[in-house]
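A single chain, nothing else alongside it, follows as structure tokens in the form predicted alone.
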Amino acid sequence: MKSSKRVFLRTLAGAAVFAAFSGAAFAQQTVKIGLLATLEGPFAAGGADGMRGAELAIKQRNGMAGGKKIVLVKASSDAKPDVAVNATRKLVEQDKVDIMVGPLSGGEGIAVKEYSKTQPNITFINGSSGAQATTLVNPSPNFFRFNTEGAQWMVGLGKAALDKGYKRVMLIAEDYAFPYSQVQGFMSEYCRLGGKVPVKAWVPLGGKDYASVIARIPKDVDALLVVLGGADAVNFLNQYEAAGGDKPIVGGSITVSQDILNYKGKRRDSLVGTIAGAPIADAYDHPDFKAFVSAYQKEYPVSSGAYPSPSLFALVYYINMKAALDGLDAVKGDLSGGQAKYRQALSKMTLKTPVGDVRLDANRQAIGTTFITEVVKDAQGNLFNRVLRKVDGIDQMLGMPKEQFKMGSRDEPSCP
């Protein structure tokens, strides 16, 4: 009996050692990446397309980077900062991911940036969050953003609006960090060149009733500057159409993304002619972008629920996931030493993207390209964004001297 017990104990010990070594070997051959996007709430459609973009970057490498297999662990939020942090905490502290990619929305990005400071051995790479403050205010040494942000996306749109004859516009925007950035990017130029914004209507994220906002639209404004995304944009557009609204629209980046251009509503067609600023232009005629669109369409046909062309969210998540994987290639998968070599590689990288090269500033924030676009309709009735102008090398100061730059808020800028 004692002999059998000793054999059993030896077998158990051997199995434990084997499991430990097998686990270590598996860990050495894999890199676990956490992927967070908003799959609930007003930006759910954009979040789903963001996931497609991130997954496409991995599929294009057959699931490998730096000689290691990529294990993807997904999580969802609903555009609320506390929910995004809780989802990120689970991925980092329970699922033990090595690298985080996400989140989607502006307030979420600021919150996750702050959380990243408590996890110095994990590298955080943005998803599509575009609030200025994420990298401009108290930046985190282990948070990287390879996409340009909301204010950068609007550079050139102020002049384009004035060129269309829009000398006075009313602002309608969600009341949180990302729209503040978009409005700052637009108004800094628009006000400087003589434009006026007599009314600002800040609305809650996830709002459903826009009747009081529509009632406030002055008769003497030339256009509406609308910085709403997802379900919020759809709700506003439908209600504005029902109320007989006919003002032309100047769009925020997420207001003319493919998830909005493909909703089924009467007001959809009246978006034709809308000018906007964005990091993507559906009709951008460059081989790298066309290859990206082709790969997206092949992997995610419209019949699967995807869009005729990748949305802003798909592109930006693709860019950030590509950065994560390119960094792993650069260090041959070496994440030792608190991931120091990996972060150094990310910091020094010139990232090749479908819309041009991206490099990072001292705050690990992208310097890159913006497009001024116009919504048009193709022969099949699909809406898409054509390129009016391409602006390269935009930094977070938007070309202004640092002493003149002011970050966007509810009240800044102002030109009533």
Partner chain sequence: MSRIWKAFWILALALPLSVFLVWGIWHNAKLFFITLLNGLTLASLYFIVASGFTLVFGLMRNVNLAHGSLYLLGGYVGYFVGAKTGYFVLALAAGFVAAAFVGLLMQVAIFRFMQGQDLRQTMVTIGLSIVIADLLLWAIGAQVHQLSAPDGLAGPLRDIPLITAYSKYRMALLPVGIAIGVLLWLFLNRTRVGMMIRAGVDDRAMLAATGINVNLVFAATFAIGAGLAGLGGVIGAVELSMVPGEDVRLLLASLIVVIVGGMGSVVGAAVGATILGVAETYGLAYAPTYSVVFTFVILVLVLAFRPRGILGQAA
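Predicted, not measured: the structure shown is a model, and the values here were computed from it. Numbering follows the first chain given and starts at 1.
Keep in mind the form predicted together with the partner chain is missing from the figure; the text below concerns it.
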Report summary line: If we test each of Lys117, His286, Lys208, Lys298 for a heavy atom within 4.5 Å of the partner chain in the model of the complex, the one that passes is Lys208
Query - Heavy atom within 4.5 Å of the partner chain in the model of the complex - residue from Met349, Val376, Val387, Leu39 - result: Leu39
Query raised in the report: in the model of the complex, does Ser212 have a heavy atom within 4.5 Å of the partner chain?
Result: yes
Requested in this report: Give a yes/no on whether Ala291 approaches the partner chain to within 4.5 Å in the model of the complex, heavy atoms considered.
Outcome: no
Query raised in the report: Does Val197 make contact with the partner chain in the model of the complex, using a 4.5 Å heavy atom cut-off?
Result: no
Query raised in the report: Can you check whether Arg192 is within 4.5 Å of the partner chain in the model of the complex, heavy atom basis?
Result: no
Query raised in the report: in the model of the complex, do Ala44, Pro204 and Asn262 all put a heavy atom within 4.5 Å of the partner chain?
Result: yes
**Report entry** Proximity to the partner chain in the model of the complex (heavy atom, within 4.5 Å), stretch among 182-190, 102-110, 213-221, 120-128
**Finding:** 213-221
Report summary line: Restricting to 231-248, the residues within 4.5 Å of the partner chain in the model of the complex through any heavy atom are Ala231, Val234, Asn235, Asn238, Gln239, Glu241, Ala242, Ala243, Gly244
